[in-house]
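Take a look at this single chain, the form predicted on its own, given in structure tokens.
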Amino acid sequence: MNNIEGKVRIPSGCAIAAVISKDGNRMTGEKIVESMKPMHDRSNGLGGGFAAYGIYPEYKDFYALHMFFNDRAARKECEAFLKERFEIVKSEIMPTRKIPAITDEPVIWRYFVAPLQSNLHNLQLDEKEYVARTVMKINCEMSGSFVFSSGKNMGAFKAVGFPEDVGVFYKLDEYEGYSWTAHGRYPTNTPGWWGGAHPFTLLDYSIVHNGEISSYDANRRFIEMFGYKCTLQTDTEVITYIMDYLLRVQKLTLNEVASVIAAPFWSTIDSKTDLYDKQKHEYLRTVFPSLLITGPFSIVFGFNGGLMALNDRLKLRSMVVGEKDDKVFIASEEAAIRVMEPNAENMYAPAGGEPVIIKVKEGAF
């Protein structure tokens, strides 16, 4: 029998990467696309994608809806629906370049929109809740139409393919943003299709995820009580809605959210000597038990003005963080960071359940 020890690479599925400038300096998508190449074996060609922040400064006050349509008829139907709910200030086909590696693409469109104030007044909703409900309605009820990005001054770009090809397809070298996240997908028990590629987004929130959610059914049942619907056929979608619910609706802080989804063990909480800290963790675990995410995961959560990286509390998936000047880099492997910045410093692997939160300085984007 041949000795194969050290000759077989087990990539643990999926690749994630991110870069952010704390000074708000904008950079093209070239480096984040290049960072995915050394992690090629973590993907299998069934999904790749990116999220970018600060890319639409000329339309920063409008929601950018990135959409997939099965055909022209679906687009026409959805567009009529959008006109009833929004002022559409720009409507265009998404710029892409034809490459052999990306095939069978749907109709990919984007709209820059503002909610009609009369509708907000009649429904007595704030505009974020109004947009979120619209996204859910389209994705649940309009056959052949999918909103895959819906934030202000940001956008997701995803497809069936390897991430380095998806970046070329969407011409990400022509965009500039202060923050980028990336994902290469290796689906294990869910289908590979355009809507199921990462990132998953709602409003300006985005998630890329390496791992598997064994608590998915409990998480989904809880979050769907509050108007969210999981329709995109992969477990990661629910993390985005959990983040939106905890941050926007419940108004928790990022650290508190991390203490819900990657909650410390009860034994760890019991051993805390700081009474306030102990009571806070007891409260969060008691009030939101169904939002604890179990199973292996490393995620990067993007939002306007920052990123948060987080491992599951047992650290069952790899994640490395590095720095250089005003930039912070995050990836599944150090090799990906070295592609973006060969001289990256302060390289470390965060502990399980330890959030890494980076925010752009105020007023910089």
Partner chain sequence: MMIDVTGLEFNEINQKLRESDNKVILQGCLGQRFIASGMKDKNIAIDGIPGNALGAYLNGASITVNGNAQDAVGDTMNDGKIIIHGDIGDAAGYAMRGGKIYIKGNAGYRAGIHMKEYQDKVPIMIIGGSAGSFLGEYQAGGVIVVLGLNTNGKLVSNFPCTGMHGGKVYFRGEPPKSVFPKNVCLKLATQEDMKYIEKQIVEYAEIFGYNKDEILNAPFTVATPDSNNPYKQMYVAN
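Numbering follows the first chain given and starts at 1. Every value quoted in this text rests on a predicted model; they were computed, and no experiment measured them.
The discussion below concerns the form predicted together with the partner chain, not included here.
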- [ ] Just give me the single entry in Asn44, Ser318, Thr28, Asn304 that has a non-hydrogen atom within 4.5 angstroms of the partner chain in the predicted bound form.
- [x] Ser318
TODO: Would you mind picking out the stretch of 134-142, 152-160, 263-271, 83-91 that comes within 4.5 angstroms of the partner chain in the predicted bound form, counting non-hydrogen atoms?
DONE: 263-271
Task: Proximity of Pro38 to the partner chain in the predicted bound form, heavy atoms at 4.5 Å - done: yes
Task: Exercise: Ile357 in contact with the partner chain in the predicted bound form, heavy atom 4.5 Å - done: no
Task: Residue contact check: Val339 to the partner chain in the predicted bound form, 4.5 Å heavy atom - done: yes
- [ ] Using a 4.5 Å heavy atom cut-off, state whether Gly24 contacts the partner chain in the predicted bound form.
- [x] no
Open item on the list: Only counting heavy atoms and a 4.5 Å limit, does any residue of 338-361 reach the partner chain in the predicted bound form, and if so which ones?
Closed with: Arg338, Val339, Met347, Ala351, Gly352
